[in-house]
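A lone chain, given as structure tokens: the form predicted on its own.
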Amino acid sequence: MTATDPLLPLAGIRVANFGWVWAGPVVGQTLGFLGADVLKIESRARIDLTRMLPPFGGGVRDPDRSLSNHACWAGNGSVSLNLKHADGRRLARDLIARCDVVIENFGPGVMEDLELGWNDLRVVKPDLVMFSMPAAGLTGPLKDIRTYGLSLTSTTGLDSLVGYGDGAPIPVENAFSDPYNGIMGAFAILTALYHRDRTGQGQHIDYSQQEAVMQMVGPAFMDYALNGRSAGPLGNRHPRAAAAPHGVFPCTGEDRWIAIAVTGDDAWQALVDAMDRPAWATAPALTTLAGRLAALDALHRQLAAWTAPQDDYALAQRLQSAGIAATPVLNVADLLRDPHWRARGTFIEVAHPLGFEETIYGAYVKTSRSRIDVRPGPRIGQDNERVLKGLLGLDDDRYRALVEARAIY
């Protein structure tokens, strides 16, 4: 990614991103989309997990060719410093002295062991903003827990709410916690940068990933705190019984579905009209929310029979035109061809410098006054010479010696 427009809000901000896997790179991606020069600090001595995820460009298994990596690391550059090497750590500190922000999502104590902790770095850069995002925060009994995105839906209670109420919970399949925390974390950094610009003071942000994700269980938490009810899986029913019908219903084709939510009596009457007023739907008991909730299972069966022979997109458009909340349930392939996402540039086709075409995320931060040129995530060390020679001033001989010693690696 290159920020081609000087009007981008973070133009001139430099970030050293020690984050890895998905959450850390997305923090950098978001800041990069806002115009920051984000440099992922990585090494072939410990290759990032996302670089090993298939598919690979051209079918060649190589850490520089992972399409997943190119998507989640768009917005990050790469400087390859071996932090197991004293000179690698020294170069990292020299780089941080010229940065505004440091990002890391290791467990507590890892950066300190590398002599790159907050107390070390504030000496070389007093107004630094350091963003640490361990799973459970830097303090407390769980501070040393190691998690991935899927683990966080368990520790935050989300998994207990997912399922159909007829057996064990069904865990959330996707590690959505990672990009969620990445975007939330970026805006925590923006707040700290604003504070720095006003006061001249840097700060260390203690960002607990699970505390952020836990906001998703807010309604269930309040229900327990106020009413003593501990929520469980409800299938697709409304969690507060505020809508009926409320669920997903089959449509024609293989595994095609439509989501429909009726939140008021007027919307119910609009749905009855859209169905051409079948006898079962005109029963007086169904004119009220209480009546529909009492007959919810039968109502859902009848509605499913009506939707089953219809096209999901066409039916959703028809119901939306009548003021009813309805949408197709999109699968991954649908996302790439959906006219709305295409019009928004949500996914873009790019040519990778290694010689293959691929699809990655477009910029999800869009502003009216500036434009972002989004490019795939970086090759390992692609910015080494620009940063280590140009910014840090290493001469050719010193640079070559550090490469041979695998401090730059």
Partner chain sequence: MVAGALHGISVLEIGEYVSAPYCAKLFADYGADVVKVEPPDGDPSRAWGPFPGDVPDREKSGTFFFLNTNKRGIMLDLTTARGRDLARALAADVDVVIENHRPGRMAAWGLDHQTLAAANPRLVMISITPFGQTGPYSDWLGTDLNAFHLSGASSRYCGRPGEAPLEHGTFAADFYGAVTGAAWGLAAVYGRARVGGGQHLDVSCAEAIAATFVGGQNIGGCAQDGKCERRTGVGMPLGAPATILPCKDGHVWMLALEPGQWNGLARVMGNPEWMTVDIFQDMYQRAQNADAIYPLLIEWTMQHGKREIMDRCQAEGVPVTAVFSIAEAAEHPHLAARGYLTEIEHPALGRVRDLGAPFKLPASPGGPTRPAPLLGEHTAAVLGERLGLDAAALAALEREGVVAKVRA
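Residue numbers count along the first chain shown, from 1. All values reported here derive from a predicted model rather than from experimental measurement.
We do not show the form predicted together with the partner chain, though everything after this point is about it.
> Hey, in the model of the complex, does Ile13 get a heavy atom within 4.5 angstroms of the partner chain?
Contact with the partner chain, yes.
> Determine whether any heavy atom of Gly355 comes within 4.5 Å of a heavy atom of the partner chain in the model of the complex, and answer yes or no.
Output for Gly355 is no: heavy atoms all beyond 4.5 Å of the partner chain.
> Looking in the model of the complex, any heavy atom of Arg90 within 4.5 Å of the partner chain?
No, Arg90 sits far enough from the partner chain in the model of the complex that none of its heavy atoms falls within 4.5 Å.
> Does Ile41 reach the partner chain in the model of the complex, with heavy atoms at most 4.5 Å apart?
Contact check for Ile41: no, nothing within 4.5 Å of the partner chain in the model of the complex.
> Please name which of the stretches 181 to 189, 120 to 128, 272 to 280, 290 to 298 has residues with heavy atoms lying within 4.5 Å of the partner chain in the model of the complex.
The contacting stretch here is 181 to 189.
> Which one of Thr307, Asn82, Thr155, Ser78 is close to the partner chain in the model of the complex, taking close to mean a heavy atom within 4.5 Å?
The residue from Thr307, Asn82, Thr155, Ser78 that makes the contact is Thr155.
> Under a 4.5 angstroms heavy atom criterion, identify the one residue in Val217, Cys251, Leu303, Leu116 near the partner chain in the model of the complex.
Only one listed residue qualifies here, and that residue is Val217.
> For the stretch 194 to 208, which residues lie within 4.5 Å of the partner chain in the model of the complex by non-hydrogen atom distance?
Heavy-atom contacts within 4.5 Å come from Tyr194, His195, Arg196, Asp197, Arg198, Gln201, Gly202, Gln203, His204, Ile205, Asp206, Tyr207, Ser208.
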